[in-house]
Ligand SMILES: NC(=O)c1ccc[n+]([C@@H]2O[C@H](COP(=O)([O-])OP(=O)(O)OC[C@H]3O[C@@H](n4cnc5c(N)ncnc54)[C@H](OP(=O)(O)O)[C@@H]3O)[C@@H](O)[C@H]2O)c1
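Listed next as structure tokens is one chain, alone, in the form predicted alone.
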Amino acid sequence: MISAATQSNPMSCDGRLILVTGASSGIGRATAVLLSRLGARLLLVGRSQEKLEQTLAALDGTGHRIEPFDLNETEEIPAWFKHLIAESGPLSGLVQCAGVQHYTPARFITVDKINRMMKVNVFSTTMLAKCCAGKGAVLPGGSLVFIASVAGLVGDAGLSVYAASKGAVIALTKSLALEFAPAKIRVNAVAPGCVETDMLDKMRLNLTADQVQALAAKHPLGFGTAEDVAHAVAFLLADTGRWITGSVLTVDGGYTA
């Protein structure tokens, strides 16, 4: 039965339990705040308990929980996730916002840098998907949303390893969408351009003023905000995205145009 809230607001997430990784800052925090305003209950995942508590304090509604966990510990994800679901019950959605980005010209690439990038951006996403495929982990009608990047769609100098990791997330999204479809679970990705977050601030430290200006010029609408990306994520989680799976929603201020 469709609730009155959903009838009046097709983006309502009233009563849905949604896990958000990377919820301690940036896109993850903005997504959690927006989803709470749309009626969802949130499981907030991140490495810093202090920052997760700050996110928790910004949420509307009740029934939210923080779950400090380091997704770098990829081999520990299945046991952690199983315990989480046993305590919270099945999810209606998952948003994988956790990720890292490094500006690394090709001549400075090392095996260690590749491994660190892939571990968080690709391996942890894959392991979370594996867990969501388990019996009773995600309810029928549920939705998984992965944060990719425009770097996974177009090239950019100095971002080859990061681009490769996000390209992998996009490919993963498309295959998982087909695998999860029989269970009526949707899998999509959002590909942001440059967004005003701590990650962009860190990138600025490795770029000259001219490089930052050139990067900004590639975004006809300017740099975005974490809230811009959060709205796209919510659209895919809610009933507004019920017939969308295997898609990459580009939110980039015109970058890829």
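All of these numbers come straight from a predicted model, not from anything done at the bench. All residue numbers refer to positions in the sequence shown, first residue = 1.
Beyond the structure shown, there is the form predicted in complex with the named molecule, which is absent from this document and is the topic of what follows.
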State yes only if every one of L35, T126 and V145 has a non-hydrogen atom within 4.5 Å of the named molecule in the predicted bound form; otherwise state no.
no
Listed range touching the named molecule, judged in the predicted bound form by heavy atoms within 4.5 Å, from 133-141, 174-182, 160-168, 84-92:
160-168
May I ask you to check whether A23 falls inside a 4.5 Å heavy atom distance of the named molecule in the predicted bound form?
yes
Should I66 be counted as a contact of the named molecule in the predicted bound form, where contact means heavy atoms within 4.5 Å?
no
Contact flag, I114 vs the named molecule in the predicted bound form, heavy atom cut 4.5 Å
no
Can you work out whether V120 and the named molecule are in contact in the predicted bound form, taking contact to mean some heavy atom pair no more than 4.5 Å apart?
yes
Across 59-90, which residues bring a heavy atom to within 4.5 Å of the named molecule in the predicted bound form?
F69, D70, L71, N72
